Structure formats: structure tokens, C-alpha cells
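Each of two forms of one protein chain follows alone as C-alpha cells, named structure 1 and structure 2.
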Structure 1
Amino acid sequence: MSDPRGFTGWIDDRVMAIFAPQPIVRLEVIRILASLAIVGFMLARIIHADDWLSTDSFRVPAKPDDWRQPASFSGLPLGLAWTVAITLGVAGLATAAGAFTRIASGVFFVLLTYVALADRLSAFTVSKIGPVIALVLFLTPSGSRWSVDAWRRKRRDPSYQPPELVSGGCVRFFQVMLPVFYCSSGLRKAVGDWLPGRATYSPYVLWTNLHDSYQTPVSWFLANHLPAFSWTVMQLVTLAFEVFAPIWFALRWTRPYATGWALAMHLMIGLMFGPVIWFALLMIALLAGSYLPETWLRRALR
């Protein structure tokens, strides 16, 4: 039977569906896994806080209006550099554990933002999306379940029942962010060297990135055993996946396959491009929390 409210009613229903409450387990899985992935990425920097943030290390001279420097910060005194680095790690771990989550995620966000801007030389993709994720965790009721905060509250009030659902936007943000990110990345690749028919097209983009310090034992093994055309096939499938990611993730029947492919893609990225492993794990964390079946997530946290 057709909707008596017509097209407007149909639109209303779609919008309401977007913001309908979502299982809070999705938000909590992202809180735990994404925070750990970000801390894992930062760990290599934290243990070298002197090289990273202090005046004892080489600091790039301030260059006003330079595209490479989004902001200019002087180096920190050595003790303060260590304090910032250790606080960053503790805040990230506390966010993952859900301990004083609102404060921890707020501190995590502020320090992630600072370190990303303070040292352009050590800022990568995780440095840029990490603060955004921490900010969202700060602004949402993350830590309401499967957390130290929930455990403490239950101890104070045994009748307390933690929420099952969270307002829709808290989860939808991540569910939308992923396909938008992929689509943008795919378009950048398409106008780069990935798309057949363009003057700059190269069928071996992936192959050409395997010959420096990104090389791992896995990528070295595959480079020596896969036929040459397989690199082109992987390149084209990846391009098609990324450019049309909003469609793959929007359609109910393609969504599980898109999720599976994205997880496999990031797994291979992590195994084949050494230092990129933390970015791969972060994306896997976002994918898992956003798109894996709710029952799987509940079972994992039980």
C-alpha cells in the first residue's frame, strides 16, 4: 500500500531512520579498538618524545604561510615533552578502557591535535583522523557500557542498567565517514595514476611501491611469487571499490561484501606496507564497529 503522505513522508521516514537509535555496542567497539590503534601508532613516537617534541631535537624553522606547516609551535622543554607524550598515551589507554571517558577522550583529542600540528615531519594519516575520532568519542556517550565507568557506576548503584542504544548520529558518523573517506581516496587515485585511459595511467602503481622501506617480508614474498598482472587486477578492484564505496555501503545487499573486502584490503595493506600497519588497524577498527553484525560485536565483548 502506498504511503498516504507521499514522497515527503517517504523522505521523513528515511531521515528518521538515519537518526534512529543505534546499538551502543558499535560505538563502544570503536572506542576500544580505534583508541588502541591510535595509541599503537603513537607509541613509536611517545618513546622518542625528545626527538618528537622537544627543543633537543631538530626543529624545522617556522615558515609563515608555508603549505607544509599548518601551524608553528616551538619545541617543548625536555621534561614537558615527555609529560605531553606520556599523558597522550595514558589518555588514549584510558579512553580505550572507558575510565573517566569524557575527561580522557577530551585530553586525548587535545593532545592528538597538538602533536599533529607541532611536528609535521611525523604526522601521517592516523595523525590527521585520530583527533577527529577522539573528538567524536568525547562528544558522544562513549564509555557507557563495557567500560571502567560503567563498572564503577554499577558498584555504586547495583540497580543501574547501562544503555543498550545510543542516539543515531553517534554511530552514523563513523558509518558515513568510511565510505566518504574511501570515495575521496578513490577519486584522488583516479586523477593520479590508477585509472586506465588517463595519460598518466600506470598499471603497476602497487608494484612500484614495494621497493623501499615499506616493503615487508609478506610483500617481498608476494612480489617474487605473484604474476605481474595480479598487481594490475588488485589496483583496478581497489579503485572500483573506493570510488563507488558510498554505493557499496549504502545498499543493504552489497554492504556485507563491501565490509569483507575493506577488511581484507586493510589486512593486506597492514601486512604489505610495514609502517602503514597502524593506519590499517585503525580502519579495521572503524569498519568492525560500524558494519560488522551487532551479534558478532556483542559476542566479542561478552
Structure 2
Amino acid sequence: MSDPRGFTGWIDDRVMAIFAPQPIVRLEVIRILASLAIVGFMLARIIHADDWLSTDSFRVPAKPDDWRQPASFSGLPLGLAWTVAITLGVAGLATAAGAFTRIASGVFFVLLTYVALADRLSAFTVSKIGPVIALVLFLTPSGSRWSVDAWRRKRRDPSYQPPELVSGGCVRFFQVMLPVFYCSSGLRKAVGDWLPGRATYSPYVLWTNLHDSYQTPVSWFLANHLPAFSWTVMQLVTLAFEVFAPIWFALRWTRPYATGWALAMHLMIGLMFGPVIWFALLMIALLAGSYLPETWLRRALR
């Protein structure tokens, strides 16, 4: 028997599925792993707070008419610079542990935003998306499960049962952000030198990326042993994956393959590009929390 609601009913079901409650385990995995990856990236800056944020460091001259410098801050006194840097690290670790999560994630967001704007020269992808992730963790009930906060509440009230589900938007944000991130990256590559047919196209642009200061033993070995055409193939496959990422992740039957490719891609990025490992780990954290099977995530946290 056909559905009496017809196509309209099918659309309604799809919309309801999008906004339906999601397993809180996804949000908590992102809270733990993403916060640790961001702190790991920031650690190299935190231990040099005097050269990073203080009046003793080099400051980019203020250029209020330059869109690439949305804000300009003077250097902090040396003691305050160390205080800000250490507080940033502590807030990130507290967010990962789920200790006073709402306060910790709020402080984490504010300080990540400040340091990204205060030192434009060292701003990297992690610096730019880190504040967004911290803000989402602050606005959602992250830390309600698998956290110090949940443990403390359970001690006060033994009958307390942590939630199993969370409002759909808390998880859907990350599930939408990732394909949009990939698509925008792919489009920029396409208008640059990655797309065949363009005057600027280079079939070996991916291979050339292996020879800069980020080179690792893994990238050195692969650059010298893989056939030249393999880098062109990987370049084109990566471009196709990124440009059409919204489709790959939206369709149920392609989503597992897209997730697997993305995880493998970031694993290789982490192995082949030295300091970029923290970006790779951050993206792996977001992918794991957003798309890996719920049973896998529960088993990992257990």
C-alpha cells in the first residue's frame, strides 16, 4: 500500500530526521578529542608566551583598512602574557576532561579568539576553527556524560542518569561543517593549480608539497619511491572528494566511504607534514565524532 502522505510526507520525514535528537556520545567524543588536539597545537606557542603575546615580542603593525587583519592588539605585560597562555591551556584541558565544562569551554573560546587575532602571523587553520569548536561546546550540553562534571553529579545524587541523547543541532553542526569545509577547500584548489584544463594547472602540485620544511621521513620515503603518476592520481581524487564532499557525506551509501577516505587522508597528512599533525588530529576527531558508528564510539569511551 502506498504512503497516503505521498512525496510531501517523505519530505517531512527527512526533515524530522535531520533535526531529531542525536546520541550525546558524538558530542562528547568531539569535546574530548578536539579539545586535546587544539591544546596540543597551542602548546608550542604557550611555552613561548613571552615571544608570542607580550610586549617583548614582534607585533604586526596595525592596518585598520586591511581585511586580513580584523583586529589589532598591543602586546601584554610579560606576567599577563604568561597568565593568558597558561589559562588557555588549562581551560582546554578542563574542557577535554569535562570539568566545569560550561565555564572552561567559555574561557577556552574567549582566549582562542583573542590569540588568533592577537598574533596573525602564527594563525593557522587550527587557530581559526578552534574558537568555533569551543563556542559550540560552550553552547551545547557537552560534558554531561563521560566527564568530571557527570562523575561529581553522580556522587551528589546516586540516582542521576546522564543523558543518552542531545538536541540534533548540537551534532548536526559538525556534520555539516566538515563537508562545507572540504568543499570550500576544494573549490579554492580548483581555481588554483589543481584542476586540469586551467592555465595554472600542475599535475605534480601535491608532490611538490612534500619538499618544504614540513618534510618527515614518511614524506621523504614516499616522494622518492612512489611513481610520479600516483601523485597526480591522488591529487585528482582528493580534489573530487573535496569539491563534492557535501554529496558524499549527505548520501547514506557513500558516507562510510567518504568517512574512510577522509580519515585516511588526514592520517597521511599528519604523517607526511610534520607540525600539521595537530590539524590532522583535529579533523580526525571531528570526523570520528560526527560519522563513525555510535557503537564504536561507545566502546571506545567505555
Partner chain sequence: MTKPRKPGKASLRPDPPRAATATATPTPTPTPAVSVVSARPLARTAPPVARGPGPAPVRIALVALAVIYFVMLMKHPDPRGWIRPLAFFSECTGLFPNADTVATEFRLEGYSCERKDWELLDPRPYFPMRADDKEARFQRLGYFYKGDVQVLHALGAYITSHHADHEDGVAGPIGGIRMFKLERPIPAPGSEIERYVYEPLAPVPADAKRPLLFESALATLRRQCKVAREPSSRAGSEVSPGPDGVETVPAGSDPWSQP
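Residue 1 is the first residue of structure 1, and the numbers go on in sequence order from there. Here the rigid core means the biggest group of C-alpha atoms that line up within 1.5 Å when the two forms are laid on top of each other. The structure presented is a predicted model; accordingly, all values stated were derived computationally and were not measured.
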For this pair of chain forms, which number matches the form predicted in complex with the partner chain? 1
On a core-based superposition, does R252 travel 2 Å or more at its Cα between structure 1 and structure 2? no
Backbone CA shift between structure 1 and structure 2, R68, after core fitting (angstrom): 3.6
